[in-house]
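One chain comes next, on its own, written as structure tokens: the form predicted on its own.
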């Protein structure tokens, strides 16, 4: 009796302790150990084994359903987190504006952490790869360092700077748990009316190749993998050929023979692969009468075959849907054409069930599924996701740090292009007593950052932390200089003791474009707005020397108003560090930027081949940039 009671008590104690351990394990927010039905130490989890051996071991353990799950990328607001593990979802993303609430680096990290935890607690514990469009800094995150858009970085002609920027952006991404950047854009833009012109480094294939490669090396040196995009020819679409909404160039048709396509548009991809790019995003555009997502020749034969690409391809946002109005046919065609991962982005159940059905019907082979998943797993192993799936939250203190912002300020300085400097307007003298400043772009973080900043289309206002151009002017101006700002250029109350209008030594007019992104920025006549011309005219009456600072995502047609100001500066979309503009205006640093696009005289010189055919030539040629 006593002996039996002893064993009952011991069993109850053991059961109680086991239950406590289980409860503590389930309650812990840092639980990461995957629940597996197979051996606890399978070869694929051994980091000492070669990547290919790990890939094959894991692939052999996967069900068909889990394989298709790995080919599925879902927008984060559309995923049911409880589906991540059971369906083996391979990737999540934040699109433009896809941020947590509140939007700060710490909440980003926690959001990604929780999603990743769901994946790690799946049967096989395959980590997610989380992606985001960090196209000019970690630009969805409030408080991150926002660099000039690629068009500004192209004007720097400085690959060493691009490599540094890649590293800093990568560190700020990893701080929020994100290892995959949908950047850089490798487009060689032929028509600057395109709403994505500012996402390009320039009009010259060699320059785009050099700068993209440098940026990629910087990103991947800190463990962030890029998407070289958009394969291929997106910068060569023809006006009026888009089939999407009111777009005119974006997602249009590239009308070029294969020799031209290769020489102008494909070359940067070879440079990207040579720099280590392991993911390539397919373009919305078309070539040869076919959507790029259906181009088996270019994806399978050229990219994966001829160019030896062994990473994986990913669609653009619902890009495969555009192949056909029949969803089944579209998915079959896209996957067989070589698209390995589908940015669904919403109805992932539909995509998974469609692919499973296509395999069952024999329209997609299991061998093709295995090839796609093998490529995805290879990159995940190469990234070290199985060993370090959560990024590095010790870097959170560096997001938007003084050191990172100083690098961005340097990038702004080097991106500025001096187009005209008459009447020794620049540099502004430190002895100036009065400076007038006008234009909404002068004191607006959202306007100087442009699209792809916090929101997809960007927006005006104090949308994130930073220094406006006006604040930079006020900080850099001499201690005896008075800076007066009027957005609308109204300085009527600036009079002397006799009531006569006061004329400032310098008038700075900061004007340009409102934020836009992608096809919503396609514009037929990229000219300086009439109300902005009025601001310049008003300033001409109130200042001895007038300086125009253009904040824009492309060259604007300014020929007719060029003589209205003494100096013209192309500042592009400088990002959060507006003081970099003031640094150069006041001569603390020299102008070193040079155009990465030829600046047309008029609309007849757009697109680029029309400019090349015009004997008069551009207003400012590619590579142009005055020195003070």
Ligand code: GLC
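Residue numbers count along the first chain shown, from 1. No experiment lies behind these values; they were computed from the predicted model shown.
Absent from the display: the form predicted in complex with this ligand. The rest refers to it.
At a distance threshold of 4.5 angstroms between non-hydrogen atoms, residue 149 is out of contact with this ligand in the predicted complex. Put simply, residue 96 is close to this ligand in the predicted complex: some heavy atom of it is within 4.5 Å. Under a 4.5 angstroms non-hydrogen atom cutoff, this ligand in the predicted complex has residue 281 among its neighbouring residues. Proximity of residue 348 to this ligand in the predicted complex falls outside the 4.5 Å heavy atom cutoff. Of the candidates 375, 532, 229, 405, 229 is the one whose heavy atoms come within 4.5 Å of this ligand in the predicted complex; the others do not. For the options 383, 323, 547, 343, the residue carrying a heavy atom within 4.5 angstroms of this ligand in the predicted complex is 343. The stretch from 501-509, 481-489, 311-319, 100-108 that comes within 4.5 Å of this ligand in the predicted complex, counting heavy atoms only, is 311-319. No member of the trio 191, 554 and 608 reaches this ligand in the predicted complex with any non-hydrogen atom inside 4.5 Å. Taking this ligand as positioned in the predicted complex, the only residue of 183-201 that brings a heavy atom within 4.5 Å of it is 196.
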